[in-house]
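Below sits a lone chain in structure tokens, taken as the form predicted alone.
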């Protein structure tokens, strides 16, 4: 099945947006354990409409370039194997290229309380997570497309009381221009389990392509998860991603996301505190240049008492780049003694760059401690003067201060080799 995503064609159904029709044309019907999930998603997609500026959550995100693009759905594995980013600390990894698992580059695991394996509706085990539980097809059109095209997902499952001995590495590579890919990651940590996961998305083409990655994180009581997400989509890449987490009693989740490029990158990040005493730390860095757009929407729903959340999101905007941050914290009835803090800090390097920041608080409990804030500014003139007075050229001084601004988030990447690699990539843009 191939087709162009974006070209208007005669409607297959009056409710299906025209740009999405090629993804359903000739879509095979597979009778497996996920058949019902895919069929429900297909119906949701047919009932959905194209997200656009008339909807509040998409108000600052211009999808016109995406809708005008042409993308093929790839059915066959790639002919060539690409270079895989290394993570020496990783014990197990799964590598997907253009949506297809590459067994020769993957190191799955089954046994000893840890499962790291590809899973499909044909080989799902009893007790495996059900795709769409946390990010359902009803979320929006793109979430429905991911489930409707679901074939193989990456599964990380840690049994009760077990600890993964080394980080798990999930790698998604995109090698073909004008293609559409729909990765899915499902993570389940049973009570008392712990794990560190690094999920990387890298494009090996600078031309237009589309990926819609979805990650679902389930943490049982007392579970601990460190989740790092790195996105490098190339100058022409479109990425519309989702990450949703639910935390049991006294669970702990630490998330660090880094988005370094991409024509349009969007991450819809949600966390729900389902049990008392849970803890969450969210750190994010987005860097844009040229006409790139980086859009982050986060939702933290405190639904249980005595929970704590900390969020720091930093953005660097150069050229005519645009950054959007919409961070919402909701404290529900009964979620007493909630402690939540959120900070958005953005650095403008060009008069044409733009930042739209919208922090939000909704509080329905009376014994809470909540704070949020957003700052947008330029490089400090006094700091620039200080560096220039000590012999640094103006361009180097500016880049050095930019690096220092972004490095605060990079220092929180928990895997040392990945942290060094990201720092080198950021330093590569620093003259000298």
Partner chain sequence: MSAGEVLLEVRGLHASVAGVEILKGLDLRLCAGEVHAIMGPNGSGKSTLSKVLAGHPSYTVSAGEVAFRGIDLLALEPEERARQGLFLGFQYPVEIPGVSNASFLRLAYNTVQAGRGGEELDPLEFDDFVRGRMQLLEMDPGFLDRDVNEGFSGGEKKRNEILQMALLDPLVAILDEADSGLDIDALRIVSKGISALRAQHNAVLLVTHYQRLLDHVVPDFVHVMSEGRIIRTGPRELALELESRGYDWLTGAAAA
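Because the structure is predicted, anything quoted here is derived from the model rather than measured. Residue numbers count along the first chain shown, from 1.
Separately, the form predicted in complex with its partner chain exists; it is not shown, and the next lines address it.
*Asks:* Picking from 42-50, 29-37, 380-388, 62-70, which part of the chain touches its partner chain in the model of the complex when contact means heavy atoms within 4.5 Å?
*Replies:* It is the stretch 380-388.
*Asks:* When the contact criterion is heavy atoms within 4.5 Å, does residue 411 count as touching its partner chain in the model of the complex?
*Replies:* Yes.
*Asks:* Residue 403: heavy atom within 4.5 Å of its partner chain in the model of the complex?
*Replies:* Although its partner chain is absent here, residue 403 would touch it in the model of the complex, with heavy atoms inside 4.5 Å.
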